[in-house]
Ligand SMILES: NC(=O)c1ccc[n+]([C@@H]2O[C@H](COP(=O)([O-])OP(=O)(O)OC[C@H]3O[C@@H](n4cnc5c(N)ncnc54)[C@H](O)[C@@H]3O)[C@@H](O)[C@H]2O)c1
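Starting off, we have a lone chain in the form predicted alone, written out as structure tokens.
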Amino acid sequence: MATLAGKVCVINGAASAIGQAVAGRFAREGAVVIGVDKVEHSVGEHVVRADLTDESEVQRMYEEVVRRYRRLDVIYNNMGLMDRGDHSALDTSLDTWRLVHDANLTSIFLACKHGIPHLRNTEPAGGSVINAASFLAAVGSATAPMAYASAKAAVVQLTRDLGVHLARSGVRVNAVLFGPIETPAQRAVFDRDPGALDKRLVHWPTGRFGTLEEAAGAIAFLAGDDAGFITGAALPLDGGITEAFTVPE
């Protein structure tokens, strides 16, 4: 189904496994995909390298896209960074705090600030913004990386505010609360501690990772017109983790 046929879609943070999966799904649904990342990559019909924490680079990137394609319809902000120095707020350094907040929150703020005006200027005005957040934004956790969790909670609030603020303009803004999606990076975290995955699985109602296909499908839904009456929402993509008090034995 070409549910995104003809839509110009920017994927920020395109080089990651999830970014690549979303780019593939968007392309299969007929979208023109622009992949943006700080690292060298080949994701999308049009490839852009930009530091998404640098305001001037973000602004120039959108101007380049609109100059080339004459429109902008969808922005998926796939930014996310977890740092090994991010633990309790009581022992996380200020440098780590700032690094994690810049990567997870400031980047999305800049992508929205400079991208949304182009959605509003496209004829007909409107479009969809999807922001990557985390289930950690919805729960308290004694073991969470607190800079990361607080940054993702701020992404959810920014999403909520922008969704309401822009609702009558036709621009929709939603977030996805990612749980554990099976990627090489996610697997590597657990491979470093052989017993860690078994401990976590006890608390996951579905007892498994989410797949890249499931993640890409959820984001494609929010990007498309079938989600036209959804804005300001935070969609849990976590296999029920945030709703669980007990799980099946």
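These numbers were taken from a predicted model, which means no experiment stands behind them. Sequential numbering from 1, following the sequence displayed.
Heads up, the form predicted in complex with the named molecule isn't pictured, but that's what we're talking about next.
A.B. asks: Considering non-hydrogen atoms and a 4.5 Å limit, which listed residue (Met61, Leu52, Ala220, Val33) is close to the named molecule in the predicted bound form?
C.D. replies: Result of the distance check: Leu52.
A.B. asks: Looking at heavy atoms inside 4.5 Å, which stretch does the named molecule contact in the predicted bound form, given the options 89-97, 158-166, 110-118, 133-141?
C.D. replies: Of the options, only 133-141 has residues within 4.5 Å of the partner.
A.B. asks: Does the named molecule come within 4.5 Å of a heavy atom in each of Ser16, Lys38 and Gly80 in the predicted bound form?
C.D. replies: Verified in the predicted bound form; spot residues all in contact, yes.
A.B. asks: Classify Arg172 as contacting or not contacting the named molecule in the predicted bound form by the rule of any non-hydrogen atom within 4.5 angstroms, answering yes or no.
C.D. replies: No, Arg172 is distant from the partner.
A.B. asks: Would you classify Gln186 as touching the named molecule in the predicted bound form, given a 4.5 Å non-hydrogen atom cut-off?
C.D. replies: Gln186: contacts the named molecule in the predicted bound form.
A.B. asks: If you check in the predicted bound form, is Pro145 within 4.5 Å of the named molecule, heavy atoms only?
C.D. replies: So Pro145 does not count as contacting the named molecule.
A.B. asks: With the partner left out here, check for me: in the predicted bound form, does some heavy atom of Gly224 sit within 4.5 Å of the named molecule?
C.D. replies: Although the named molecule is absent here, Gly224 would stay clear of it in the predicted bound form, with no heavy atoms inside 4.5 Å.
A.B. asks: Taking the named molecule in the predicted bound form, which residues of 168-196 have any heavy atom within 4.5 Å of it?
C.D. replies: Stretch hits, in order: Phe178, Gly179, Pro180, Ile181, Thr183, Gln186.
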